[in-house]
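Quick setup: one chain, the form predicted on its own, written in structure tokens, and binding and motion questions come after.
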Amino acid sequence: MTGLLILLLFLVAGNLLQSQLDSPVPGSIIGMLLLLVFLIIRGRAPESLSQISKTLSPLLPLFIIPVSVGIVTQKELLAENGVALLVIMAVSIIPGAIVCAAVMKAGRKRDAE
């Protein structure tokens, strides 16, 4: 339960910062960035956070369902902006892939030591 509380605290902190700064970036993203900074400073994840992450990771595909439903119900919007959305998705994949590769490489180095 402590790990879930940590995740919720960072979510709430991100939402508070987003509302205080009137940022266009969603609070959940700000919370994830705060969590990332926390983990970098700490050097490793608390055991409770690692445990809840392992529990929640298999459930991540369920979060795709609302997006899929949104796409189906917004055909007109997709028809108007489909090309722009595809470009945005293609460009946004690149930084995500680079960050994932760097994290995996750092994790392998740490495991080897």
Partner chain sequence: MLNELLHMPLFWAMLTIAAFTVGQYVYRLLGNTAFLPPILTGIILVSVVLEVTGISFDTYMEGGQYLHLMLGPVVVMLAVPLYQFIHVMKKEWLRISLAITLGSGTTVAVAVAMAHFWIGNDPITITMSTKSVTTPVAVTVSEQLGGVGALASAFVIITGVFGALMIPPLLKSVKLDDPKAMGLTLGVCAHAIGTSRAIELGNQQAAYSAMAMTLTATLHAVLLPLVM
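Heads up, when I say rigid core I mean the largest set of C-alphas that superpose within 1.5 Å between the two forms. Residue numbers count along the first chain shown, from 1. In this text, all values refer to a predicted model and were calculated from it rather than measured experimentally.
What follows is about the form predicted together with its partner chain, which we do not show.
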*asked:* How about L16 - does it come within 4.5 Å of its partner chain in the predicted complex, if we only consider non-hydrogen atoms?
replied: no
*Proximity of A79 to its partner chain in the predicted complex, heavy atoms at 4.5 Å*: no
*asked:* Residue-level question: is M104 within 4.5 Å of its partner chain in the predicted complex, judged on heavy atoms?
replied: yes
_in the predicted complex, does L21 come within 4.5 Å of its partner chain, counting heavy atoms only?_
no
*Interface residues of 11 to 31 toward its partner chain, as seen in the predicted complex [heavy atoms, 4.5 Å]*: L11, Q18, S23, P24, V25, P26, S28, I29, G31
*With the core lined up, does the C-alpha of G82 move 2 Å or more between the shown form and the other one?*
yes
_Core fit, then S68 C-alpha moves 2 Å or more between the shown form and the other one_ = yes
